[in-house]
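Coming up is one lone chain in structure tokens, specifically the form predicted alone.
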């Protein structure tokens, strides 16, 4: 087929999440194609998030924790929720998500996945034309664009990391508690180690930096040193490695309707679902997929309208102030996180970090931060 109702360019998290939503019965009238350049799906990342309610993929979670902590220079702030609470810190391996999404697509007659194919260009018109690298083309009423944004500028603020999943021969991890941020002293950014303990002998350990894109630390040496100094580990089996970089200052890819015929929508991080203060985007990306699919459900194709993703403006403004405050004083930045995690209840802080806080919860979190330092950051945000 070369004629489609919806073509999704990119079969990563955001593209597959939308494909799964469009594979549901209420969208069975649509002809949907997902185009993905990779030839097979492997585990290439780990998604973690605070869950506050069940969602379509909850059963795929590898583990849930009700206790987490942050630390710096021997001091710690610990937060926890009840074991039966819906508020938990969760993690999911990408390959499990990919397999589930492929099963959903395979079971839906109206949705198809085309792998090993790259998109060269997308041409606007009354019907969108998708040009492929093999010199063929497709036509679609709507194009959902999940392609990555361009590489950040050298000075862009990024969250970049390398993680190892390791297996040890003896018990050494507290599998009841996530080491959310174990801060290290530095003047060139915010540096912390992150430990997801899957069991007493298995964990994912990541070294994470919030710094300029051009900054390139020795990730492998940092992980080796941390494992030895913190856990006394010199021998272990490494079963998985991941690496990533999130541009915290990227501008979303937007498409302006000039004559009413442009029907292109950005997905995922390209649409702006990444939270700059946390680096989290998983649940927001799933929610946006549901929103977009809802625009198509039981509506004639000619009447469909899909507004672009719009994050909460107040959360965005507060994130800008918070990131500005961190950059202005990197050595003190770990103290800001300690203050928040010590001074605010877990449910309140989770609501704030997941982008669903009340005004009172926003105020509760803000009051834990140094007033004059972040007022100056707010002034810079308003005048800069």
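Here the structure is a predicted model, which is why all the values come from computation and not from measurement. Positions refer to the first chain, counted from 1.
One more form of this protein, predicted together with a small molecule, exists but is not displayed; see below.
**Asked** Which residue, 38, 43, 62, 56, has a heavy atom that falls within 4.5 Å of the small molecule in the predicted complex?
**Response** Only one listed residue qualifies here, and that residue is 38.
**The single option of 217, 294, 244, 308 touching the small molecule in the predicted complex, heavy atom within 4.5 Å** = Of 217, 294, 244, 308, the residue with a heavy atom within 4.5 Å of the small molecule in the predicted complex is 244.
**Item:** Contact label in the predicted complex: residue 20 to the small molecule, heavy atom within 4.5 Å
**Value:** Judged by the heavy-atom cut-off of 4.5 Å, residue 20 is well away from the small molecule in the predicted complex.
**Prompt:** Would residue 341 sit within 4.5 Å of the small molecule in the predicted complex, counting heavy atoms only?
**Reply:** Answer no; every heavy atom of residue 341 is more than 4.5 Å from the small molecule in the predicted complex.
**Item:** Contact label in the predicted complex: residue 224 to the small molecule, heavy atom within 4.5 Å
**Value:** Residue 224: no, not in contact with the small molecule in the predicted complex.
**Request:** Classify residue 279 as contacting or not contacting the small molecule in the predicted complex by the rule of any non-hydrogen atom within 4.5 angstroms, answering yes or no.
**Result:** Result yes; residue 279 sits at the interface with the small molecule in the predicted complex.
**Request:** Please name which of the stretches 279-287, 104-112, 309-317, 75-83 has residues with heavy atoms lying within 4.5 Å of the small molecule in the predicted complex.
**Result:** In the other structure, the partner sits against 279-287.
**Message:** Counting only non-hydrogen atoms and a 4.5 Å threshold, tell me whether 11, 47 and 146 all contact the small molecule in the predicted complex.
**Reply:** The answer is yes; 11, 47 and 146 each reach the small molecule.
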